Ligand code: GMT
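Shown next as structure tokens: one chain only, the form predicted alone.
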């Protein structure tokens, strides 16, 4: 391994979820650049798949010692982080979520030594939900303040972190990303004909069906759309609001127009089926599914909330309306569905914006700049005190 290549430990939630997806894809891109990447999690990250060169996996095993009322995952993770860092001589730990991962990383650093650096990425829930929990607030502040660098996936999340936790330290904006080799428009003509007729448009909603996703609004939007345009709605994913959505579909007599799928492995293929993505969420720290849709050439109609406006350019790559404005969102969706020229223009704009602003190589380089700075040594192409990094830091530590 070259002297500029790094040994990086990555800890994330390995199951379905935007943070785990981004962390895993980042690790894969870093490994392609020659960095040695060690995933330290309680199960194999689902997006990792088969792996070989420069990628290693270390499973966190939790003790079930009878005196523990609950298995002490946090302590087991901290111990494993320290063990791997010592044995593999890691340069840094990049952890996703302040709690529990950054807290565990700080404990590991105390065991290993100050030379081990910690980069923490905030994804949302650790701030928007847990940050408002009085029993956890001080612990989250401790994790953020103790990290050597902190990033967040949107300006909105940075602002909320400062407001909710009174954090004044620098927090760097580093958006989520997609790999263009995975997310691109697929040829799904045959599969689409299985669920929608040639004269029908297809609207799509993908989520974990939690209340914050406002899935009832999705149904309301579709009900309005199908009154004026032959269309079908595809619901993808699982979660607590799915049954309520199914019941509402039945009550409105729309069962024949709504297709319900569970979790899908090839998300890019599913998205490529759609004409429009619906994302009327009450809150999104970023909205990764909208970026995945953008990379597949599918415009988003959604809420003007959280980090979504930083991702979806209103009137260019989709339309944004106030939270709960299902009539306005339905009108926006109809505008796209009924104007092929407009839809094609937005499709092209989506592809350009996804590639130029949210491409994987660009975001990977931004993280390498951060690693370079906290370590005080160069990564390939990035000296530790480069003026570009300094300018970025000054502009985004707001």
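Positions refer to the first chain, counted from 1. Everything quoted here is computed from the prediction, not taken from an experiment.
Keep in mind that the form predicted in complex with the ligand is not shown, yet the notes after this line are about it.
Shown alone here, residue 285 lies within 4.5 Å of the ligand in the model of the complex, counting heavy atoms only. Though the partner is left out of this view, residue 210 does reach within 4.5 Å of the ligand in the model of the complex, counting heavy atoms only. The closest heavy atom approach of residue 94 to the ligand in the model of the complex falls outside 4.5 Å.
In the model of the complex, residue 125 approaches the ligand with a heavy atom inside 4.5 Å. Of the candidate stretches 163-171, 81-89, 269-277, 117-125, only 117-125 has residues whose heavy atoms lie within 4.5 Å of the ligand in the model of the complex. Note on the partner interface in the model of the complex: the residue among 317, 151, 147, 176 having a heavy atom within 4.5 angstroms of the ligand is 176.
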